[in-house]
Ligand code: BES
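Take a look at this single chain in structure tokens; it is the form predicted alone.
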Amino acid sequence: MKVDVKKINLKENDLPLVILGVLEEAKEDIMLKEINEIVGEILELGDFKGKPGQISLVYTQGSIPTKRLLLVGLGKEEKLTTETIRKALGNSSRKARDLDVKKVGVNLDFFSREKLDIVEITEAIVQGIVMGSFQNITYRTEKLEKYKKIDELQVFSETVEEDIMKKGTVSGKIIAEAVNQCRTLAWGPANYITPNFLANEALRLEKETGIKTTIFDREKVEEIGLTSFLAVARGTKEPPKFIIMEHGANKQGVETVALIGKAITFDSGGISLKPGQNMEKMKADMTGGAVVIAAMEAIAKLNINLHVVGIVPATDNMPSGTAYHPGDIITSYSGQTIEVINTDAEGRMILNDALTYAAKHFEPKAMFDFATLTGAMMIALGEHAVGYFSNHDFVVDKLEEASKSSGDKIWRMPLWEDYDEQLKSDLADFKHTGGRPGGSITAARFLSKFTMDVPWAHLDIAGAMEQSSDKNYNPKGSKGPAVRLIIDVLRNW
């Protein structure tokens, strides 16, 4: 989608459709006074009140050059945030798209209120439109004409200068496109989105953005000693890839931050085979890897002044004659031994080697890992928030601040030593699962043993990875979870 800006009055602009934000109560919104001849009747009738989620289409019938106005409710002014605006534009984007409007305008003046920053509002507007109108039709071949799309977005204002608006539109488009890229990867079928495909995505970033990319194949992984990762990969013929991406590798005097993403490109459960029902969704068990790849592209385009390392261990988890077994004891890259209890707890097996590798070779100031790790987190928080665990308040503060600006909801979970009792093994240093009670917590406690005391957060995105229906700026399917969150962590660093 092309995004541009223009300094112009609403009554002078000539567009197929313009979106206007309206406060509750709509009849009292001072911004509507100048177009009362167009919207007065609908307001008097009370059909549209400006409540959150409300949308009303008004035809201007030649009273101004713009053909249609789409009124979108913002709710009460005292509760207005950039997230409110992002949601409102997400909902209205699908209405505009389905009208087959190719060029959509958004009047910034109807969204800018005194307490909010203009650049942040502009960014939220673009994110809402670009993310909300997303459709994943990559693999469709029939009736493509029914999938309408917005080709161009214009953000305009009578009072705000174009260079100020452009700051928000540029960053908003980069971040929104990263979310959509994550969605496309995460919801892609496992026969297409293989470890090799993800490796090629990283190589594309190297070519297009200058990110330094290193890819270890099975032989190199074995040589290095990433044996916990390799244990999971033993069961598949699909070549595993250990992908390393670096933004700002040559920057001087900047801190290093590591992002690690679980990329199980299909999770059958291995020898501990999953039930067949809903197994097709296990194509999305690489969402953590998709988060890191998509975020790295945005980080490079935004030229964030940090050395950011993205690590994506990628493999299938399949049952076969060579697959690892329940009861196996694996010596991890850290040197610690792990008793395997259930081969369907494979995410923590590939993440532990990646965490240790990042800590040893890059000595980061902080590490963040992203993983669709446990069904227990889905039960705990549903689809509305990411549960996270951390060993250091420095990282917690960064995440909580970024959650407010990005709109990605998070909730801190306990990481208490008490749960280590469930990981005790009679044969190895510890087991890699602790049973069903506190399953998300014991998984995080397991991962905490491989961080080498680096400030770290584990984000279990299992519940927040998808949405069951179109809502706000998230269409049905993958939500591209935590992409905006981690980008804001790094932008605010």
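In this text, residue numbers run from 1 along the sequence as written. In this text, all values refer to a predicted model and were calculated from it rather than measured experimentally.
There is another form of this protein, the form predicted in complex with the named molecule, and it is not shown here; the text below is about that form.
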Where, among 388-396, 278-286, 138-146, 203-211, do residues come within 4.5 Å of the named molecule in the predicted bound form by heavy atom distance?
-> 278-286
Mark Asn342 yes when one of its heavy atoms lies within 4.5 Å of a heavy atom of the named molecule in the predicted bound form, and no otherwise.
-> yes
Is Leu373 a contact residue for the named molecule in the predicted bound form, using a 4.5 Å heavy atom cut-off?
-> yes
Considering only heavy atoms, tell me if Ala462 and the named molecule come within 4.5 Å of each other in the predicted bound form.
-> yes
With the cut-off set at 4.5 Å between non-hydrogen atoms, does Thr433 touch the named molecule in the predicted bound form?
-> yes
Arg113, Arg412, Lys103, Lys274: which sits within 4.5 Å of the named molecule in the predicted bound form by any heavy atom?
-> Lys274
Considering Leu306, Met378, Val160, Ile330, which brings a non-hydrogen atom within 4.5 Å of the named molecule in the predicted bound form?
-> Met378
Since the partner is left out here, which residues of 252-274 would have a heavy atom within 4.5 Å of the named molecule in the predicted bound form?
-> Lys262, Asp267, Lys274
